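Here you get one chain, nothing else, as structure tokens; it is the form predicted alone.
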């Protein structure tokens, strides 16, 4: 049964005038029915928020709240009115307010049981499930229709950098320079392309890659943070930032006519539920005849924390069977395919089957010697003490729906990381910089 527009009215409320009605409704739904502690429900943000009320015959039956950063919350509908369209009407009014205020995106923390409701209104889940007030939740995000336009107004550089939509809700920065082209997705702060002038693309992306909000793209340079590898206790693999919509903080022109883009994220209740630390993380990408990627971790809390991290770089090669990696000779590695513990690399790394190795205690440059394309790709680094080398080969490739058959022959991951035993401790007020510098020789 849908709401009768004549029976239910959605209006903007004022906390000063409507606090009693809002408080009573939220206490009934959240505190009484769901058992949310009073001290969590009243978080001190109401006075500065926009509020929305659904009223039927003068009685308040639903409410919602919008904060100044696009955070939608405190969505509540009284039990007799659920399933009658009140929640949808409230959320549409909130989204209209986001558009009117020029917000580029909206986000919320949805109870897991309500994911489908929010999906129908254009939100998508990111990261892993977390517990808030004893109730399972997911963070959900929605790019507004004006996001790409807004990014161009604030951050485009005439003739050098513009934002386009790779798919609805997926803005991508396109960099076009005499010396190189590049594409960087705002979702996940993921470099998707870098091709120096006159060269085949250096960064590989699958022909079957899926461009969808809340999903990483198969290929490019996924950002792995604050852990590298499988997440413990059901947490998302490679951390929670690679599927989030990042904030574009700055773009500009650097030395030698390079162009840079700086993207960032900070902690919130959804990240603290997965990893309970205060942080600011940035990725700074500089595009020119070489590609520089700098992952900056800042500890904004009062206690030290430990991370593993990585720039999970997929490189394009002509033929994996004719490709070698130099620079890891005599380095100890952990072989995840063989599961044999530590081994030591003899000579160049060559490929004849699935390869998944963490080379530990190494700060050396790596060179991808690509005989088929007749080029060498150098990966220099700093702030990194391990290098991961990965190729799924034919059997494992079949398990990836977003990878076309036979593509394993065209790609190779050489990843700048702090992985395995090579973790990093960041002191309160301190920072760590993981840098990868890629060039073609």
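Numbering follows the first chain given and starts at 1. Because the structure is a prediction, the values reported are computed rather than measured.
Below, we refer to the form predicted in complex with a small molecule, which is not included among the displayed structures.
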- Message: At 4.5 Å by heavy atoms, is each residue in 218, 314 and 388 next to the small molecule in the predicted bound form?
- Response: yes
- Message: With the partner left out here, check for me: in the predicted bound form, does some heavy atom of residue 228 sit within 4.5 Å of the small molecule?
- Response: yes
- Query: Heavy atom to heavy atom, is residue 294 within 4.5 Å of the small molecule in the predicted bound form?
  - Reply: no
- Message: Residue-level contact is defined here as any heavy atom of the residue lying within 4.5 Å of the small molecule in the predicted bound form; does residue 42 satisfy this criterion?
- Response: no
- Message: residue 242 versus the small molecule, in the predicted bound form: is there a non-hydrogen atom within 4.5 Å?
- Response: yes
- Message: Quick check on this chain: which one of 289, 135, 348, 237 has a heavy atom within 4.5 Å of the small molecule in the predicted bound form?
- Response: 237
- Task: Report the residue, out of 207, 249, 101, 336, that has at least one non-hydrogen atom within 4.5 angstroms of the small molecule in the predicted bound form.
- Result: 336
- Task: Name the stretch: of 388 to 396, 55 to 63, 22 to 30, 369 to 377, exactly one has residues whose heavy atoms fall within 4.5 Å of the small molecule in the predicted bound form.
- Result: 388 to 396
